Every structure is written in C-alpha cells, then in structure tokens.
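Just one chain is shown here, as structure tokens, and it is the form predicted alone.
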C-alpha cells in the first residue's frame, strides 16, 4: 500500500513539475519556413527546449517541413501552414522569426531585391500586427538595415509598435567575427567574443576587435586587421562564391538566428545578464538622424531592457563607425520611403 501511495504522489509531483516547466516555454513562428534559411532554422528551433510550440508558415512547403522536423524527438509540437494559413500560423505566437524573402539571383539588381523583399516583409508585418500585436519580432530578411525600419513603420501605422520587441538579427556578423578572429588568435571560437555594431551589410558592419580578449592577436590598422575587418563585413560573398551562384549563407544564418532566439527566450523567461548585439531602435545616433543601430543590448522579460554604449573605440574603429553612419542612414530612410509610398 505504501508503495502505491508513494507512486501516486510521485506521479502527481511529476505532472505538476512538467506543467510548470511547460508554462515557461514559448510558442514561436517561422515565417518563410520552406526556404533555405527557414528549413534549418526550423530544425534548430525544434531542438531548443525553450520552444513548446513551433508554427511554420510559407507560401510553399511549410506543411512538409513541419512533418519532417515534427519527427525529431524533442517535446515541442510543430504545425505547418500553407499560403492561406498565415493568420492561423500567428495565433498565440510570442516570438515571430522572419527569414522570408528571395536571395539575389543572376540579373537581379539590388534594387530589384529590395523591392521584392520589402514587399514580402511589409505584408508579413501587417499580419503580425493583426494577429500577434504583442509578439517579439526577429527580422532576418535582407536588407536588414531597411527591412527593420519597414516593420517598425508598418507596426506604427497599425498602432501596435513597441520598439522593445523588434530586433534585426545581426548575430551572423558576430558569429563570423568570433570564428575568423579565433582562427588568427588560435583560440576557441565559442570563447572568443567580438562585439559587432552598426548595421548588417558591408561597411555598416563594424567589428570592435580592440574590445575582444583575443583582439591583441591582430595589430590595429595593420594589413592583417584590415583583411579581417573586410572578411567580417563581406563574409557572405565567400559563401555565394563557394556555392557557385547556387545559394547564399543559409546554414550559418539559420544557426545565428537560432542562437539569438535562444538568448531572447532565456531573457523572456527571467534569466538576467543576457547581452548580445542586435539591430534595434536606438538612441545612440538619433541626433544624427539614425533611428536604428546595432550595439550590445541587454535582453529582459519584455525584450530590450538596456542599450549599451559602444564603449572605448580605437581610432581605426572610430573611422569604421564614421564610414558606417551615412550608409546606415540611407538604408533606414529607404525603408521608411517604401512604407510611405505603398
């Protein structure tokens, strides 16, 4: 009799513990789950124990991706939604990740790419505003320097914009910086932290090598340093070239996005001290007319908790920031102009 009582007590405790744990988890949506980034990202999110429910949407292929990753032996439930299921896909979602869009194809100008992806992101932002107005939004779709302002203005027009809940994912720049510097310094990339500020394309990407513990492996201003900075800024070109025009950085981008999502989920559940670079509405350069800027951001239960200053910069890094600002301003204004004209 005692053993049966003990068993029943243990069962009740287990049930309560499981329920409590589940209550701390989060429903996440991936908009663009059928694409080159969306598929591996969906797999990585399926493996994240902080994700209870995974909602996958795309105009093509999402139900198939959901059926595939749904067989992975983790606790989260996965549902895929076809083109007409966007509203349902966003129901009850707390975190929305947007990798939707098209890669640049042969013969396509950057302006063509912008117009296509801007339109896609704008439409998705409208759907989020309607169905999940309090959700945290993680924007991957390029060009991030312009698509994040597009989402912000779209949410503003709908009356649901919260700057603490909108993030441009620049984590791939951070991941590359850590990996490339570690290769020079002969250190563990996971332990080789590099803060990357500014934006998410070309000269707007500013790695603060001098602030990294491994940064003394490279002499600031040297040819090696210049080559390292250039590689971090244009790392995506390496991948496009290596894939011989058949694709871009999809796997590393999915990894970086999943890494940022995990940090945000941890902060949303109450973990303190979670700090990472991300492209957000920022006061750092608003006097220069630049509303968004990537810097170290402390994440909290409501999203952005604190935006950190850049800290001490070397003269060489200050030059990089100076070069980034006018380009970043143009990118942001381009996003605003798109919303205003549509």
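Residue numbers count along the first chain shown, from 1. In this text the structure is predicted, and so the values were computed from the model without any measurement.
Only in words, not in the display: the form predicted in complex with a small molecule, which the text now covers.
When the small molecule is considered in the predicted bound form, only one residue from 268, 160, 182, 113 comes within 4.5 Å through any heavy atom, namely 113.
Only one of 117, 192, 262, 195 comes within 4.5 Å of the small molecule in the predicted bound form through a heavy atom, and that residue is 117. Annotated contact segment (heavy atom within 4.5 Å of the small molecule in the predicted bound form): 53-61, selected among 53-61, 297-305, 284-292, 312-320. Proximity to the small molecule in the predicted bound form holds for none of 85, 131 and 165, with the criterion being a heavy atom within 4.5 Å. Among residues of the shown chain, residue 149 is not one whose heavy atoms approach the small molecule to within 4.5 Å in the predicted bound form. Using a 4.5 angstroms limit between non-hydrogen atoms, residue 37 touches the small molecule in the predicted bound form.
For residue 102, a non-hydrogen atom is located within 4.5 Å of the small molecule in the predicted bound form, even though that partner is not displayed. Proximity of residue 206 to the small molecule in the predicted bound form: non-hydrogen atoms within 4.5 Å are absent; the residue sits far from the partner.
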